[in-house]
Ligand code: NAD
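Coming up is one lone chain in structure tokens, specifically the form predicted on its own.
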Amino acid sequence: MDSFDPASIVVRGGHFIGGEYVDDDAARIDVARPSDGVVYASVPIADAAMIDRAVENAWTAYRTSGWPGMAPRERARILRRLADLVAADAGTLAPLEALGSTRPVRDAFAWDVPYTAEGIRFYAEFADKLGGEVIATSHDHLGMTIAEPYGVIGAIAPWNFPLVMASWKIAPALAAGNAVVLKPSEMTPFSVLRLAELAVEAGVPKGIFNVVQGDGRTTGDALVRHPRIGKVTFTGSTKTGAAIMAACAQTGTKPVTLELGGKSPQLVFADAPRLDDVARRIAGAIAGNAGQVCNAGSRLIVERSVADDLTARIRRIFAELTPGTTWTPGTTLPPIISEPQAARIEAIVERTVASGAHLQCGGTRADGRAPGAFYSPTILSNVTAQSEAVREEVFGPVLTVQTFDTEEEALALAQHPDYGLAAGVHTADIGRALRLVRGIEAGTVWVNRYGRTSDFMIPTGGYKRSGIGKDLGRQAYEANLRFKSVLIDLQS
């Protein structure tokens, strides 16, 4: 699928609580299509009372539906059925995902929906394969740990990959036997509602997976503060992550998993094989989804002898990109999520240039095939660690360039005082690669590639202010369990 008519897509708003749609007379938020700025729907803002209704419904379902006590293999079977339904529903989910997000429908159909389905399948298989263990003790004792779900997980997902990020939250939580109350972004609220419908169709008990709509200030805050919420998982900005940590500490010291911002470096050495491939890799890591990716490779750190050649190749790749709506065939540069975000990107670039940076390309709005907020892929050189575009997360297609002469200098430039989400190393020297893997302060380091595969077993998460805990991998499943220690005296 590479196109659709946006006027043909019907969305259903409201909250999804207890297996059915719920609406009220609360204040509402307009939802606009980033591709053309058209307001096409609105969603209610769940206040504390609505959050209480959703969480209490989830708690009741957790206590009475049999979901946490279900035979793990049966729980896995239901989740595998959900994955199958998601894959089969791509014709509905992909346009719904593309309509209100920055995901071109071609990409949503070919990647986002299949990836979401496969992630659910992956965590389904954990349900009957990980639990407690028997502990080595003296022969007159039996020691063990018992793995138990938290109860109700409060999840908040971002707007940049709505379905995928929601699946990262719900799949391990449900597989571990929890109920979930999920708040999607108010900018991309609708594809996740369809996911909740499919969960009920698959056999997930009503009330085990609920979706609430609203903003962060009212809805998100009430969700993370609710006393029935046993754990919180969030993907988004570092500032919001810090606020969530504070709210959780104030209302019961709930555990949190936070995947937050990044300023990820890409180190390129002169011996890196196939410079054209490296250029494509670098360009894709910052222009993909118009740079609206938490682990975007936004800082190019390149050996001086190949810097001019490499940046020239990247500029040529940028020039090939076609801005357009998410429902138009051939779009390779999607819109920025909103006009305020585009204006923020523009202002950061302007201030960085004013402070002495050299603008190699971009730095302006792109002419898309619609009046949406498009921004041209941008390269800024002659920058320092103090330059705003180097220091701050831009969340747009803006690449800064710094050069080095030695490995030690490259490593020093790679370290960021605040962020440590991901990094890339491009070199033919395996010894150098391994030294840098150990030396770079980041939760993920890719060597001669940049970006994830569908190896869900590899966890993701950041160092420093880029987050706490891990999504994906065994760690994400275990983070949805609490472990009870048991010691039995066999001589009594």
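Here the structure is a predicted model, which is why all the values come from computation and not from measurement. From 1 onward, residues are counted along the sequence shown.
Omitted from view is the form predicted together with this ligand, to which the following refers.
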Just give me the single entry in 190, 123, 374, 159 that has a non-hydrogen atom within 4.5 angstroms of this ligand in the model of the complex.
159
This ligand in the model of the complex has a heavy atom of only one listed residue within 4.5 Å, and of 332, 237, 415, 338 that residue is 237
According to a 4.5 angstroms non-hydrogen atom cut-off, is residue 103 in contact with this ligand in the model of the complex?
no
Is it the case that residue 261, even though its partner is missing from this view, gets within 4.5 Å of this ligand in the model of the complex, heavy atoms only?
yes
Answer yes if any heavy atom of residue 216 is within 4.5 Å of a heavy atom of this ligand in the model of the complex; otherwise answer no.
yes
At the 4.5 Å heavy atom threshold, is residue 318 in contact with this ligand in the model of the complex?
no
Hey, with this ligand in the model of the complex, do 55, 78 and 207 all fall inside the 4.5 Å heavy atom range?
no
Can you pick the stretch from 129 to 137, 306 to 314, 392 to 400, 106 to 114 whose heavy atoms fall within 4.5 Å of this ligand in the model of the complex?
392 to 400
Within 4.5 Å of this ligand in the model of the complex, which residues of 405 to 423 have a heavy atom? Give them in sequence order, or say none.
421
